[in-house]
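In structure tokens, one chain follows: the form predicted on its own.
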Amino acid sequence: MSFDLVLFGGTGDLAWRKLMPALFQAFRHGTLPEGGRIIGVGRDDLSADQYRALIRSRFDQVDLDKRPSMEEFTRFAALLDFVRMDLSQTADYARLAQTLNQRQTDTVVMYVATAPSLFTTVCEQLAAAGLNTAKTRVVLEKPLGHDLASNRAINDTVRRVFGEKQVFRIDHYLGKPAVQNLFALRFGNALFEPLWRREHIANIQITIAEELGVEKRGAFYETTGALRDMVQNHALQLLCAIGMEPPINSHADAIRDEKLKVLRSLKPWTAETLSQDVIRGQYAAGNMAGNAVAAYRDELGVNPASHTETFVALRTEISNWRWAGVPFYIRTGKRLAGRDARIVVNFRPTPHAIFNSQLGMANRLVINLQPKDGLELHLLAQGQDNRRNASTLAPVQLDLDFDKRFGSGRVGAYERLLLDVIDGRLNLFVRSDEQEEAWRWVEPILNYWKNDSQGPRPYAAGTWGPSASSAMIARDGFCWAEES
């Protein structure tokens, strides 16, 4: 299948850190369809050869195991081309059309890796140049807007130009092998399904923790914050995967219909729950791996009096028959104690205790997403107390490491998603009504914060966030997994 992949923002950070390495890995693995061409688009005055040299220089900065040899890159570079464009100029889109018309491909992918403010401009200009044909697919990076109104405005414009099945709203978390295993765990096995409900589950915790600060993206983060950057998309998508009903089949709309039901079932916010069940924080100076690190307000591009949150913890519920009364806790932040993305399913204790055990939430399923990928099943087993010559219960842990089981050469998130776009598979992409429903649920939090003079709670870098996060979950009689 022949294709042209046009990468708007072809000289940008995302292109060289994620997209080009992912395309190269697909090329190296032999999964990138033959007859392809990758066209970088940018404002730089570069020839095709200069663009190839730029990409090569950036590849030299990636991990050694992903770095191409000169022979490999030479073969990959033959796919690369470059078109200089000012995205506001109609004439430049006509020049792009000429480049694309040099050959007739089966598929044209327009990957818009630009600021969201340019999404509508690019889509409208593509239509004006006649580049929105039936064989065209458009990929939109997050964040898609900064609130519900801006998200709707972008989606309305895109819908006037492209059909819904031509639009691929990307959330790279859905492409992670660990998230694919989450769907396989739930819908490929009958083992947990009878227990996957309120009668047997006490609470579910979703954590996406980062050790890094905002690095050189302070100016971007000032207009985004952790709620928009992580909760509205990644965390809610994980919540949907955990909470959704089994779809009738594996088709894209069947899966996305069930995710939409979860989002529509999230308990509405009230003034009381907004004040008690949503915690925002901002990292102060601290210590990471023995090194002193600066506070968020001292980062480059950050307002010294900033109220932007770098941490969010919240409590919510899914109001339906399966989950009524089960609290779901979401937590994400920067400069936390570890890089760790996981989902913890805490099962209820036995209804009648016949053993003398005070081990709390002993039955637990941990779904590890990063840095390792796998499952941990925590159980109680009978041990021996030699001091009393008596049997006692002791916690045991069963580990399934997917990286060891399936090898380290598994397909990365962006590689998987880019191949899906080329093949036209929508399963791992977000539909517009899903996205709007997520914004609708998040927006009351944003509005509440606008009128909250207190601002985010400070927490020392290298910790697990403000103490109010632990206090929030403790009100229900629970604690975060690392505190148990």
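Throughout, we count residues from 1 along the sequence that is shown. Please read these numbers as outputs of a predicted model, since none were measured by experiment.
Missing here is the form predicted together with 6-O-phosphono-beta-D-glucopyranose; even so, the following discussion is about that form.
Could you check which residue among M230, A295, I330, V122 gets a heavy atom within 4.5 Å of 6-O-phosphono-beta-D-glucopyranose in the model of the complex?
-> The residue in contact is M230.
Option touching 6-O-phosphono-beta-D-glucopyranose, based on a heavy atom within 4.5 Å in the model of the complex, out of K142, H378, K259, R342 | Of K142, H378, K259, R342, the residue with a heavy atom within 4.5 Å of 6-O-phosphono-beta-D-glucopyranose in the model of the complex is K142.
Does the 4.5 Å heavy atom contact test between Y173 and 6-O-phosphono-beta-D-glucopyranose in the model of the complex come out positive?
-> Judged by the heavy-atom cut-off of 4.5 Å, Y173 is in contact with 6-O-phosphono-beta-D-glucopyranose in the model of the complex.
6-O-phosphono-beta-D-glucopyranose contact at K334 in the model of the complex, heavy atom, 4.5 Å | Contact check for K334: yes, within 4.5 Å of 6-O-phosphono-beta-D-glucopyranose in the model of the complex.
Does R315 reach 6-O-phosphono-beta-D-glucopyranose in the model of the complex, with heavy atoms at most 4.5 Å apart?
-> Residue-level check for R315: no, no contact with 6-O-phosphono-beta-D-glucopyranose.
is_contact(H234, 6-O-phosphono-beta-D-glucopyranose) in the model of the complex, heavy atom dist at most 4.5 Å | Contact with 6-O-phosphono-beta-D-glucopyranose, yes.
Site check D4, Q89 and R95: each within 4.5 Å of 6-O-phosphono-beta-D-glucopyranose in the model of the complex by heavy atom = None of them does, since no heavy atom lies within 4.5 Å of the partner.
Work out which of the listed stretches, 248-256, 106-114, 183-191, 334-342, brings a heavy atom within 4.5 angstroms of 6-O-phosphono-beta-D-glucopyranose in the model of the complex.
-> Single hit among the candidates: 334-342.
Even though the chain is shown alone, can you say which residues of 205-219 have a heavy atom within 4.5 Å of 6-O-phosphono-beta-D-glucopyranose in the model of the complex?
-> The stretch touches the partner through E210, R217.
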